[in-house]
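Coming up, as structure tokens: structure 1 and structure 2, two forms of one and the same protein chain.
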Structure 1
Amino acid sequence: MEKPTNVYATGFILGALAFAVRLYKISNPDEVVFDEVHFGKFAAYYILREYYFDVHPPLAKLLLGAAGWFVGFDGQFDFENIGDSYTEHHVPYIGMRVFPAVLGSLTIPLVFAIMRECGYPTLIAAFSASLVLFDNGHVTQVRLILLDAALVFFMTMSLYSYVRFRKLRYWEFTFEWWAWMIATGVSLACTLGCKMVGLLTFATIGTAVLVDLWNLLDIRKGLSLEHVAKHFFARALGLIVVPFFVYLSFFWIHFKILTHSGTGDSFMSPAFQETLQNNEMLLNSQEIRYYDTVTMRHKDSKVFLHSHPDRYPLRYDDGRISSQGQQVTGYPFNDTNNHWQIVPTKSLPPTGRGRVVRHKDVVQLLHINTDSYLLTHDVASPLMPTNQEFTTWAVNDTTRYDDTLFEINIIEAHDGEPWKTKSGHFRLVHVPTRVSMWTHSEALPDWAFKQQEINGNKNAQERTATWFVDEIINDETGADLRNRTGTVEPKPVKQLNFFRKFFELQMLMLQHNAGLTASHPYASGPINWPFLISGISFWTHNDTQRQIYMIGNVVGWWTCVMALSIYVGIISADLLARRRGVYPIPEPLRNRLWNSTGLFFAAWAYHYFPFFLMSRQLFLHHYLPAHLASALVAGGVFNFIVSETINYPISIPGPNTRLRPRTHAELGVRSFIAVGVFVATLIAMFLYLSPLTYGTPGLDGDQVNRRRLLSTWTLHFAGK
């Protein structure tokens, strides 16, 4: 069994099976499934080169885009809804699905190889690999245009490279040593490039490296400090610096491809938007001059700054009193009551650039229809006693002059920067009280026609107190505005430093990722995952009663959970026994259990427990990387149970290594039978659940009921 030909043959068979299982009926269904809505769309955007925004890093989506481009997808399909037909719109979706399926299939031989490289017998390695191979969850996920196949593949690749690197520990600083280390680094970067979850893979490998370095530091190793430092810097280079640049390169390509304006524009800063072709800001941004009449909109809620002759009621329902001034509200529609004129507070030159409004200028805002100035004062606003009321003050009454002064505070502007429509996001800061004009989504009562409240926020730096000038209605002369700037030609696209773009996007991704807290019917908490308490309904077809329901192979997953708990049990028993001076486990076996299975266990823990801290939406498929790690643990534990012998040595002996006698693991016939029976059960369960995995054939009510192995699975078309 352990002859190289046999090993390779086993690996090859597993790989072939993986391809067969994953590519089987890949064209089914010919409709948009689950998150293909998003990732298919992103692929289309790459092909159309339109800028979009997403919380995930670009690598996996770039690859999907590349696959789509390769099979001739023209990007002219918008993946709008789950269930939209591909064939009707002539989308070459099969090619786009094959790509992740191939990555998903390649993962299986990699799992096998990891186990082999760690010194487990072929049978054990095959056992681990089949846990992933015949897993309905993995199969469902990798057959579709989703990111997880790439994520899991690169994560496995990282583990594999690291194991290879570690095995070369007696050949430090050789070419191969460097090569495998850099390979680890690059794989890590690719993992991170698929999804932020890659950070957890970084943590796994990072911990292993730190433990390794810690042991090198030990005085009993006999290494000089310089030598340890050399090791340290080598790893810093290979596992931090290299991955960082690889990760950057993904974004560099991302920006290079997405050069046109698209759906993601509005997420970005004005400076960023002006680097995109055909962007509205680029096309319509104009400098504003004094005495221009403009409309202003709130950046987040898009309401116009509005006023009308109605007044605030003297007394609110809660007993507080208002100034009874004219109402100032936020109004979502175009209206002449949205027109405000910018009145200077300083003398202006008759013509020329001196009339342009600039950053930090103090102005008054005149409401055209009611001929009154915008004003705020220390009176509580209708809805929020903590914020100031906004109202207006008649133009000819100068008693409140000071309170009508506002400073234009353009965001991220340098001194003297001109104020522009569209792109000049600004805060309007009241000069005497330093509050910022702000609005929030709560509507005023009937007396203000349910319009939005405008008030003064005492936190002058409030991020959501951002406004922009929508358009210039007319200027004092009434001349054609366009001629003012002289040219109407399309402006050139601006350039922005790559790093500025990178950091801006990176921050936005993190913010939005944390903001994904809306509930989803198929979201589930991490505690449910290992036990498969609930799955995700990906797709349903009413007429034929077909459905895709993402759920793992119950036999496989519960075996993994058992293996994990057995592992914890063994480790604790070992610790306790040793504390009492008893040494129950032979040293070589114990080393294997702690170091190799320990690494897998750490990988599982790192890819699982952090999810408990995340408050964003979580889904079962977030557990797939952890499940793969738990399959590795299961192999290690199984090996520990059936055999007291191990393959030794594993690390490649160096020139100075003291060789101890070589040993081979011996597995009895019984373990072959055990694995055989187990894999047969696994396959049986896989086939039993496969209609839910492949979305075909359709099932009638009774059949669905029988497949509902746990009452918490929400399958469709269940019988009564």
Structure 2
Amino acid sequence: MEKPTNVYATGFILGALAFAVRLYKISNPDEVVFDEVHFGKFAAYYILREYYFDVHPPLAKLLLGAAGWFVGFDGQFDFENIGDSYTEHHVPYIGMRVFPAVLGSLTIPLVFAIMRECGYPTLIAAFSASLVLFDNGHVTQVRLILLDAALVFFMTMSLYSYVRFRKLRYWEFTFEWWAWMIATGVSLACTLGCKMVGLLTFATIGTAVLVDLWNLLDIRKGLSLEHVAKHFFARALGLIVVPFFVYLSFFWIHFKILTHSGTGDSFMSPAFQETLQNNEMLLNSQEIRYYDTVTMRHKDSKVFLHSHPDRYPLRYDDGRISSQGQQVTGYPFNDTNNHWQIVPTKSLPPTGRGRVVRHKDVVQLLHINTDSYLLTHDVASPLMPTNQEFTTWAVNDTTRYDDTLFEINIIEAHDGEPWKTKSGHFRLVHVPTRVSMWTHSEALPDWAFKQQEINGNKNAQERTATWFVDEIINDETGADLRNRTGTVEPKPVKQLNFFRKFFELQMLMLQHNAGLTASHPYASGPINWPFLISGISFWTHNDTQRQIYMIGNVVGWWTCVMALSIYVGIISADLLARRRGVYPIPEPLRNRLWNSTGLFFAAWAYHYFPFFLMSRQLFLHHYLPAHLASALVAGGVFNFIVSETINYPISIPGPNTRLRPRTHAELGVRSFIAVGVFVATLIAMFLYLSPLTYGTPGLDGDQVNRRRLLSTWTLHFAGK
């Protein structure tokens, strides 16, 4: 039987090593590295209290902002480019990096504790912890101002808390039972609060809970339906309701801090933006009147509605015929060809409020420079045959008058609501065909100067078909009204219900997360991750030939892949054997293999396979939670290979629990030798790759080549 002092000493040593490895030369480099350009910037916004938008929930960024505030960061550094100097701008970046490094270091004792709580010997627990402790990928990721350290820490805490809760199943509804279940729920909320992939941790624990409830429902357990229902509602409270309110609290704090206008304003609805101090909508939003000349911009891509005298070609590359009409495009720069006059289709009073453009008014849009009306018709657009072409029609030709009529549909507006600059987000709906004016990111060919296509989307309510009036150029008299939106008195900040803000932000986060489909030189597919086919270049310094290349420890990752394969083989063989009436694995050992290692395998599968369904940009660091789970699986498989004995039972017996004979794991000297040799090899590989992990020292071409263990690793400064 293992002495408690030895267990605690091992956990302490692993934790101390984790801190040493992760804090070593954390000041290097003193420059912005990889995604610090994003998450350092978001931390600064919290200190400045300026609203920003990001696809991830706010908890990890709130913690980074708090760390920055604690060490004296004033938020004035922009984190604009990789390689920008921290020391030249007096940024206390070391303190900001230390916080995620601490979370990354604390993860190692948690891995050790999970294995111990599941009944594995200290040696096996140390083996699993070492796979994460000496992993170059984890070390690289947690030493920087990034989100993954918090994500992996809270995911690990969720697993640990659930294991502790499960061990108390014979002490149901006691204080400790409730405490560990609530701790599991809070940890799950924190995981989700760091990144949306926290939903995969919810799925892991949720599956385990459903299996648990299914077992409780078994009539052989002797529990009444009322008692099972009590268990169900207790778990619903602790693992659904409590996490939901904890998750809500992160956004409540987020909104309470970010009260000033910032870079994220334009992503939000006008109603949301008007809750922010110094927002442009409060300062510059003005009513639009008929015969005003305006510029209009697409809400998402920010391009201007633009036209020029050049015409669509008669025939496109795919053989389709165009109308040869005047081109209407999206143009990213200010230009007089962006000027459109709002022309009424009804009689107007000579003065007064009757000349204000309102929700659902039907108008014509006159392109000033070419003296032609905006028009769309049943002709396929250049790039999307299913959508309608937008063009213009001569102002003195009334034969196609109806095709020049458009309805102003202001988003979330009531009848008669005035149309305003900045805040009046609208859809421009063609009256005869009911298509919405829309644009997308694909550029037109050279004949349109690589500008953005404007077309008619047949889904008139398409969310991305949203535009706004950016500026009033002049009114019908031709007077310059550029100051018309600049001299108004600031309006008071408006209030908006918290849940409206919360759900609006949730929808935008999900939509924009799914929309991250642009190519990236270091993006990779999930099939490559377990095998370390490629990594990510985080940072380079040309003068000293230093670089940070995020790649895992090959020895550890490939060991985990083998362990996963062996586990699937063992489980498959066990199922086949039992189908034929053969029971090759002792029942206690089998239970450990199915329950504990099975939970770890489920965690790996849930945190890995869903990425195959995602079309967004993906990187190697997305595999880190799954890698940690695979390290736990590796420990379970190694224990199965080296010994047929286990520490059993591990659950805390209750007052009515039938006591079973207690057994203890016996590993033998060869197990210690095997682990010792393996960990030594693991450390050797970690040290060999450490110049790529720490960004120091610089390597010459031959040294870089030797560390390029796979030909697919795109290392810088390689020799020829």
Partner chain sequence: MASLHGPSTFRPRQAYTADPISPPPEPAHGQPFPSSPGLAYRARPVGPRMSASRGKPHPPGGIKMQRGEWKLLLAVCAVAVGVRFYRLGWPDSVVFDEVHFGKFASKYIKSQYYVDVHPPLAKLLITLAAFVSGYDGNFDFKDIGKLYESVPYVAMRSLPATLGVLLVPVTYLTLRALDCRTDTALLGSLFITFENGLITQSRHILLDSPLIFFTALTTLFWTGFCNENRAAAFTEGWWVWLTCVGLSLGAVVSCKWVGLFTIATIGLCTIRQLWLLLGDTKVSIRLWIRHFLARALCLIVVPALFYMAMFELHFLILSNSGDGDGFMSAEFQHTLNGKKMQDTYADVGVGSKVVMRHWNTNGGYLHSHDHTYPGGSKQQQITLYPHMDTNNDWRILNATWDASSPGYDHETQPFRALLNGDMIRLEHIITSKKLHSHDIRPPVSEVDFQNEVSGYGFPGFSGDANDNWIVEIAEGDKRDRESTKRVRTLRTLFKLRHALTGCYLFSHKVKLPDWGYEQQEVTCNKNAVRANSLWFVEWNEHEKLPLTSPKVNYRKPGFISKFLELQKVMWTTNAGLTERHAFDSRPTSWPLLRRGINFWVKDHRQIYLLGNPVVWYLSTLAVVLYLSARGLLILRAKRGYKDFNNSGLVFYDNVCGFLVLGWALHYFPFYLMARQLFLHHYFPALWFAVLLTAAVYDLATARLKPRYRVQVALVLVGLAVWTYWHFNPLAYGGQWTKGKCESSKWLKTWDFSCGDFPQSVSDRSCPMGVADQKQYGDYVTGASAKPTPPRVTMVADAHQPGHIPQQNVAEPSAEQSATLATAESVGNVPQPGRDVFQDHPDVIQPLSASSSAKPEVGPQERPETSKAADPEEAAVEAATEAPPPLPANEPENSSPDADAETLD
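Residue positions are counted from 1 along structure 1's sequence. Model, not experiment: these values are computed from the prediction. Think of the rigid core as the biggest set of C-alphas that the two forms share within 1.5 Å after superposition.
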item	value
Number of the structure representing the form predicted on its own	2
C-alpha of residue 552 moved at least 2 Å between structure 1 and structure 2 on rigid core	no
Residue 467 C-alpha relocation of at least 2 Å between structure 1 and structure 2, rigid core basis	yes
Residue shift check between structure 1 and structure 2, rigid core fit, residue 615 Cα at least 2 Å	no
Angstrom displacement of the CA atom of residue 326 between structure 1 and structure 2, core fixed	9.6
Per-residue CA shift, residue 409 (Å; core superposed between structure 1 and structure 2)	2.9
